[in-house]
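Consider the single chain below, provided in structure tokens and representing the form predicted alone.
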């Protein structure tokens, strides 16, 4: 969700079989991704992909989707919450029909300086409260929470 152009990295994943759903608001990006997915399908019998426009605020629509193994929410929670708590992000994470949700956050400010507290305690507390487990992966410019629902 909120895929942007990240699906263009699929060939770098080294996966033999993959069904990939990509969602974003940009119709132009969605059209480009669908063209790219058609190309990948022609080159790899084990790949199937589709990109669609989806508003992450459409919780009912999110919950209707087929169950998947993994959903990426890269740098999406700030957009969802807009500085007003984390209830929207929590609702989206709860409604995503996936076994795992990977949520990422930048560890650097817009000026490139490292953040004093790159971990997001709210997501750790949310996982504990909802009885989800999580692992963190930390890199120099991004932190990932791999959440098992």
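Because the structure is a prediction, the values reported are computed rather than measured. Numbering follows the first chain given and starts at 1.
Keep in mind that the form predicted together with a small molecule is missing from the display, and what follows is about it.
Inset, instruction - Can you check 93 to 101, 118 to 126, 42 to 50, 25 to 33 and let me know which stretch has heavy atoms within 4.5 Å of the small molecule in the predicted bound form? - result: In the other structure, the partner sits against 25 to 33.
Legend entry - Distance check, residue 71 to the small molecule in the predicted bound form, heavy atom within 4.5 Å: Although the small molecule is absent here, residue 71 would stay clear of it in the predicted bound form, with no heavy atoms inside 4.5 Å.
Legend entry - 4.5 Å heavy atom contact, residue 3 and the small molecule in the predicted bound form: Taking the distances in the predicted bound form, the answer for residue 3 is yes, it comes within 4.5 Å of the small molecule.
Legend entry - the small molecule contact at residue 59 in the predicted bound form, heavy atom, 4.5 Å: No, no contact at 4.5 Å.
Legend entry - Distance check, residue 55 to the small molecule in the predicted bound form, heavy atom within 4.5 Å: Residue-level check for residue 55: yes, a contact with the small molecule.
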